[in-house]
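So this first bit is one chain, no partners, the form predicted on its own, shown in structure tokens.
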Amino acid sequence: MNRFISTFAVIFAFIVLPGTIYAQSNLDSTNYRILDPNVDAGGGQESSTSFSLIGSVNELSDSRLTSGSYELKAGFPNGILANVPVINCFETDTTSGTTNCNYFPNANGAQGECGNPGCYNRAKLEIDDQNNPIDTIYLVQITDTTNSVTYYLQSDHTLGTSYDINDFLTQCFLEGIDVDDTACDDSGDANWDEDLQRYNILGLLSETDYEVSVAALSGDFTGTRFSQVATTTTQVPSITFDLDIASADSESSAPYSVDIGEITTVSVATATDLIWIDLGTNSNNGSSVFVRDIAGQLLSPSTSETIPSESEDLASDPNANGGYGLKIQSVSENSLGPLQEGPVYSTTGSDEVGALSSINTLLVFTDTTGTNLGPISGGRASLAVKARSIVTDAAASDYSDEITFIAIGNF
């Protein structure tokens, strides 16, 4: 009788005991000893001639089911959780050969949107939704690892140190495009946004390292952990500016001088060589090139005679005093911009020029008016130098002027 009661107590204790057994050592008590116990992930029954053991594994607390590249869960509430998204790209300085992004409007990665050498205060993020529904919303966490500050992407795509439900965005409102959403898959859709396809994280610091990760939410109690991180480094604000003197579009080196040739009273003299300007910038608001000279005229040191610099058509010389100035012959760019002409030197007549003076005067520029983009890659402009004299014996060697060009970024 006593033996039967003891055996029953052992069986009852194992039937009602829930939980997870990981230990591989023996289990002892005053009434029994279990050698090398183990319960597999599927539960089930373990038995011997002395006892019967029914057990189960608590998947939710089993850290062995999660790694850096996967997460395995079972049971409620895991069946309703959204899928953890994957980051396709997080970029500031990529080119066409290095980008992982799929939806840059231009064909040259982040540099195609921000100019060379890349973005200094913004970035492009794209995610793989891992087959989440199109109405799934995503929270973006951004860590400034240089300064150890964690931010969250706000609904206006700037950064904040906290968030609320309004900062969870659908893929369409995060990236400006969602090929799975017929209301956001091409330019004819109201929610499609090309600006967000250029860059969708704003307000970053230049020369700073960042990490980004993304969590998904597809209804109550469905929020996921944050994804694996992606990293990038913002660039520095940059302007590239160069001058060349040549008859055709080619490179040259300093010192720079232009020979106008013989200046007469009967016709307009045009220098054979053009002044060529190179301009590139990643400034969001664009860049401007200004020009000025010393005294607003050509001066002959030997005779002290002058040819004034005036905005006029030198062919007709309405003031009958000769004249001298610059005329924009051409402007172009490889991408972004466009490069635009300053009004003084953007003249229509073949011999119509703009005046030079000691005051900085806008020559060429980029801006963000309308559909214009401030950054520019491969901006190129050519300028003709023209003059006409009222002195019959004037010679090119008798007159000179010093011209200064200044490039300014609108950062």
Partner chain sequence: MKKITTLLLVLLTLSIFTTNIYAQEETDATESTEEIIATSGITVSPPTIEISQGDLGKKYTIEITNNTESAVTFTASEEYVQRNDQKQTEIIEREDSNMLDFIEEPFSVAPGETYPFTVRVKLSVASTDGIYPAIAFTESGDESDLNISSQIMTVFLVQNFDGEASVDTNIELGSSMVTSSKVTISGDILNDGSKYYRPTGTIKVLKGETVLYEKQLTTQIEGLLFPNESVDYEIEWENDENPFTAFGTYTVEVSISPTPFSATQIARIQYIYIPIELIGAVIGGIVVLVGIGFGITKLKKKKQK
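Source: prediction; values computed, not measured. Residue numbers count along the first chain shown, from 1. Between two forms, the rigid core is defined as the largest C-alpha subset superposing within 1.5 Å.
This protein has a second form, the form predicted together with its partner chain, left out of what is shown; the following refers to that one.
- Among 210, 138, 90, 324, the residue placing a heavy atom within 4.5 Å of its partner chain in the predicted complex is 324.
- 288 is the sole member of 224, 233, 264, 288 with a non-hydrogen atom lying within 4.5 angstroms of its partner chain in the predicted complex.
- The stretch that touches its partner chain in the predicted complex, counting heavy atoms within 4.5 Å, is 334-342, out of 142-150, 123-131, 334-342, 302-310.
- Looking at its partner chain in the predicted complex, residues 251, 257 and 298 each place a heavy atom within 4.5 Å of it.
- Contact check for residue 275: a non-hydrogen atom falls within 4.5 Å of its partner chain in the predicted complex.
- Mapping the unseen interface onto this chain, residue 377 counts among the residues with a heavy atom inside 4.5 Å of its partner chain in the predicted complex.
- Proximity of residue 390 to its partner chain in the predicted complex: non-hydrogen atoms within 4.5 Å are absent; the residue sits far from the partner.
- For residue 318, no non-hydrogen atom is located within 4.5 Å of its partner chain in the predicted complex, even though that partner is not displayed.
- Of all the residues from 227-253, those having a non-hydrogen atom no more than 4.5 Å from its partner chain in the predicted complex are 236, 237, 238, 239, 240, 241, 242, 243, 245, 251, 253.
- With the core held fixed, residue 362 shows a CA shift below 2 Å between the shown form and the other one.
- With the core held fixed, the Cα of residue 373 is displaced between the shown form and the other one by 2 Å or more.
- Relative to this form, residue 104 and residue 370 approach one another in the predicted complex, with their C-alpha atoms ending up at least 3 Å closer.
- Put simply, residue 372 and residue 343 spread apart in the predicted complex: their C-alpha atoms are 3 Å or more farther than in the form shown.
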